[in-house]
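Quick heads-up: it's one chain on its own, the form predicted alone, in structure tokens.
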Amino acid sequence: MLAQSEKIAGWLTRAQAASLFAEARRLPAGSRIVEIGSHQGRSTVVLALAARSCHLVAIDPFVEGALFGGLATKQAFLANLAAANVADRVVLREAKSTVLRPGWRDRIDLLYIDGKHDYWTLSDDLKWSEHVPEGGIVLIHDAFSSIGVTLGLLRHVLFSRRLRYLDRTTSLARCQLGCPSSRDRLRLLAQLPWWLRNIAIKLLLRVARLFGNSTPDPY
């Protein structure tokens, strides 16, 4: 099943896709999954294939510009869902997550965050967890490969009273709704050297690309 998602452009690795698939697969029928940031649908297809009897809401504004692609990205997203035969299982909300969140009222059984990677957006996206019940899972992509996302985690998860850090699959962090222990907080802090390593590699690759190197980020 994961092979279908790998045909779609995106930054979700095979190991991360397997983790996403496993979490969605555990949900009982009728559960609701919310995905923030869909791009061309790589992770959306993984979630839809894993949770065939669940409600999947994909949130993406499909902003115009070279980085996001706008209408072209949306068309690719819809085409990829159709090719994977999951279009009828996905409800697309074409809006910014920060705009949509204040009016949201429904329970969320699995929250996947892969939206804009700045501190302020990630901070707001974590507020969607208010709709996740005790014991529910929140997955955050690029948690330890982006300065903005990691700073958001340090501010809003490290000191949280209701969201505990569990573990990661490379740079995909897995958190759970529940009262965190000191061990949970230390486990998050222990990821900082790996994060600093990733940032250093990213900077070196950016410099190397000025000279024609095309090596992708390794996380």
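Quick caveat: nothing in here was measured; it's all calculated off a predicted structure. Numbering starts at 1 and runs along the sequence shown.
Only in words, not in the display: the form predicted in complex with a small molecule, which the text now covers.
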Stretch in contact in the predicted bound form with the small molecule, which is absent here, among 181-189, 165-173, 55-63, 152-160 (heavy atoms within 4.5 Å): 55-63
Contact residue in the predicted bound form, chosen from 196, 9, 22, 15 - any heavy atom within 4.5 Å of the small molecule: 9
Residue (of 91, 95, 72, 78) lying close to the small molecule in the predicted bound form, criterion heavy atoms within 4.5 Å: 95
Contact flag, residue 109 vs the small molecule in the predicted bound form, heavy atom cut 4.5 Å: no
Distance check, residue 116 to the small molecule in the predicted bound form, heavy atom within 4.5 Å: yes
4.5 Å heavy atom contact, residue 121 and the small molecule in the predicted bound form: yes
Heavy atom of residue 36 within 4.5 Å of the small molecule in the predicted bound form: yes
